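Let's start with one chain on its own, the form predicted on its own, as structure tokens.
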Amino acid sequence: MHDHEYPMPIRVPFFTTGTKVLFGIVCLGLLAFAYRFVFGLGAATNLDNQYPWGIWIAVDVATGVALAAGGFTTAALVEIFHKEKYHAIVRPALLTALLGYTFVVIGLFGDLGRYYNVWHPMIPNMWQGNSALFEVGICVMIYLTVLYIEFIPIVVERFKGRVNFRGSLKSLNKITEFVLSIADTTLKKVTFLFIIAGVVLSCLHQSSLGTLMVIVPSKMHPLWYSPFLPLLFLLSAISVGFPMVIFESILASRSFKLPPEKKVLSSIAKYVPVLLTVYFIIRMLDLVYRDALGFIFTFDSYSIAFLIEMMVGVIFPIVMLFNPRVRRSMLGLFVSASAAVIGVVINRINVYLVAYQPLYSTESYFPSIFEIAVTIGLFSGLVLAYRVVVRIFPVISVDKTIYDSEMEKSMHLSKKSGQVTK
């Protein structure tokens, strides 16, 4: 922990009006999820041979993975490029990525017809090196493991020196403290290796999610199909990493009634328009290279979908965030970051659903109520899980005054009870 950082568990009530609503949505999502496993994909979804995947892939997986990119972009900025002033937002970004990928995997279970075979990529004799989907699967598995390993130091910080099992479990106190000490000492020496591995793995599977659609050139609209989709997917994920960190940080500070990390967020926002501009230029050059630029001005449903994606998710945040006054405003930051996040969501939906034109299709795809319920339930569950974790572990950094006050309360309770507080 750096001297200027004061991460601590956030002492707020778990149940509020908002969390109760989210909990209800999660329950509906669980019921829809259970219906899918009992009655099968055919009964629960509107998928068929023409449309083998829907929003469970486009939103739950492709979008979820992209929006979790804040974990590796922030880690790269701080740990690889040594921008130490951004260290306070690394832990929230790590947690967002960890939960994002966890819920992506949960959502993927629902979409897989033979979900019970999900372990196959872990068996070497079942590997298929020519499969983009295999590369995505194995990278996500390894990266999720790396994220949990990167989170272990936060767990150690929370419980080291505070283990106080009672009764029949009292004998485990020394053993647990020993394990925590070993983990603390070991991980301090090798954490940088996992951070580098996480950045590499993220680049691999972020790009490979675009590779999945390269194999269907005759089934995609020219505005989105490109042999450079892997590069475009990677660039868009990198571009949305910092906006997602800003979006999450502002929402969290408002939810927990904490002052936002204004200086840090304003500073990190200056990278966003640069990254988005690079993405925009390459996207336009790709259209010119493929003689597809004219499709922008046909003003049919595809053209309108493309224009909305670019105007909302790329051009608007570029214009907003190149303005220093906007970067210094919490409202301006939130609006522009939200636009960039929404833009990536629209892009993934456009690539996987809107642009996809199966041959000889007789009707279009629209998600069933069960698909929608599961998707909304997953995102609601992620928000609740985030709230649970930050109440238990020192993830969010607070002002030194708040930190000192909480530490004083903790010491007072310790002396009063005669025990080390948990």
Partner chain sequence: MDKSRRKFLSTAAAATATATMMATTGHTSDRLGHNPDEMFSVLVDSTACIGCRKCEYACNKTHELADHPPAYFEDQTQLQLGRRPQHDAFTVVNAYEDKGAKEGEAYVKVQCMHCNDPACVSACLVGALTKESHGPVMYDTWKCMGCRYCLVACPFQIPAYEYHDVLTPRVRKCTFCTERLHEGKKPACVEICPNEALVFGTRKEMLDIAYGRISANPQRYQDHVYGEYEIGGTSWLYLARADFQTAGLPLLDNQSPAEITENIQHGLFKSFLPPLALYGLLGLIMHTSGQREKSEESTDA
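What you are looking at is a predicted structure, and each value in this text was computed from that prediction instead of being measured. Positions refer to the first chain, counted from 1.
Keep in mind the form predicted together with its partner chain is missing from the figure; the text below concerns it.
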* Assess the spot marked by W53, M126 and F192: is its partner chain within 4.5 Å of a heavy atom from every one of these residues in the predicted complex? => yes
* For the chain shown here without its partner, which stretch in 75-83, 279-287, 245-253, 311-319 has non-hydrogen atoms within 4.5 angstroms of its partner chain in the predicted complex? -> 75-83
* Asked: Heavy atoms within 4.5 Å of its partner chain in the predicted complex: does L331 have any?
  -> no
* To do: Determine whether any heavy atom of E157 comes within 4.5 Å of a heavy atom of its partner chain in the predicted complex, and answer yes or no.
  => no
* Asked: Should P358 be classed as touching its partner chain in the predicted complex when contacts are defined as heavy atoms within 4.5 Å?
  -> yes
* Should F297 be classed as touching its partner chain in the predicted complex when contacts are defined as heavy atoms within 4.5 Å? -> no
* Asked: From the list I175, I182, L112, L293, which entry has a heavy atom within 4.5 Å of its partner chain in the predicted complex?
  -> L112
* Which one, V274, I304, L169, V200, lies within 4.5 Å of its partner chain in the predicted complex by heavy atoms? -> V200
* **Within 39-68, the residues that have a heavy atom no more than 4.5 Å from its partner chain in the predicted complex** => F39, G40, L41, G42, L47, D48, N49, Q50, Y51, P52, W53
